[in-house]
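A single chain comes next, written as structure tokens; it is the form predicted on its own.
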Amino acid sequence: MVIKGKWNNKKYKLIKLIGSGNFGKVYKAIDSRKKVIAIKISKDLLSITNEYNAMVKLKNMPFVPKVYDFDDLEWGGEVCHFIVMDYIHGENLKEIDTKRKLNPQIIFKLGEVLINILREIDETGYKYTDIKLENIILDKRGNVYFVDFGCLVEKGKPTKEYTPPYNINSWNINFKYDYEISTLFSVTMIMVSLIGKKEFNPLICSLEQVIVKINDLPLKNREKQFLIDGLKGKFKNFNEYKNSLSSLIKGKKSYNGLSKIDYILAVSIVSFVFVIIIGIKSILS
């Protein structure tokens, strides 16, 4: 199927549906130059305009797909809106988790990459609130990308989009909202989900039950304690969490100090995971 923008008159051939959510559908497509791109189509003008503006604001950051076009079209007899952006040749964390089991050390290192990205967004005066497995993609070189920027809002403004398992306010915790603590909870829950190969639903289980699961994981005691502290809001800011995670990765007994991490593991692992580590190293260097 070929679509054409109403205002910019550019044509795109849709190849297949690759994602769907509350605010739109994403297609793999080809532009007039035969370049493979991704197109998000939505009926919600406010949401997709916010997403386009967010991607433009963060366009110089390496974890944000580039955007090329923003236009309207008639879709099924209705006026819709679309964004044209880079197609990331890779898999999201949900897809990776269903196909293979990642070593916990890789997952902790990935967590550090996520903290670096979210702290960088924070420094721009914005917050990314829908942290979940599907919104984090690793390309074939191991580079990390965030997608779905409709959730990006200025700091201090209400959260508009989130996914309950990764949102601290969904877990009935006696908690006065703090963006950094909430974000650290989300990243911790990402790591817990990947290590345990299970997403936890706050409508079905309590945080204490998640902690019981953590204690059953084949991890070192200090690794378990780090995850539990992250879920309980014991880390007050990005720097404290990052320092703790860096020390954990390096195997230090204390959480003091921060230095460069060696991302090439000494053990033999599957080739795809090895590529991921190389990509993570390139992001943090």
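Because the structure is predicted, anything quoted here is derived from the model rather than measured. In this text, residue numbers run from 1 along the sequence as written.
We do not show the form predicted together with a small molecule, though everything after this point is about it.
Just one listed stretch, out of 215-223, 36-44, 228-236, 241-249, contacts the small molecule in the predicted bound form at the 4.5 Å heavy atom level, and that stretch is 36-44. Among residues of the shown chain, Ile18 is one whose heavy atoms approach the small molecule to within 4.5 Å in the predicted bound form.
For the chain shown alone, Thr129 is not a contact residue for the small molecule in the predicted bound form, no non-hydrogen atom being within 4.5 angstroms.
Although the partner is absent from this view, Tyr87 contacts the small molecule in the predicted bound form, with a non-hydrogen atom inside 4.5 angstroms. In the predicted bound form, the small molecule lies within 4.5 Å of some heavy atom of Ile137. This chain is displayed alone, yet in the predicted bound form one of Val26, Ala29, Val67, Ile48 has a heavy atom within 4.5 Å of the small molecule; that residue is Val26.
This chain appears without its partner; in the predicted bound form, the one residue of Asn167, Asn92, Asn116, Thr159 with a heavy atom within 4.5 Å of the small molecule is Asn92.
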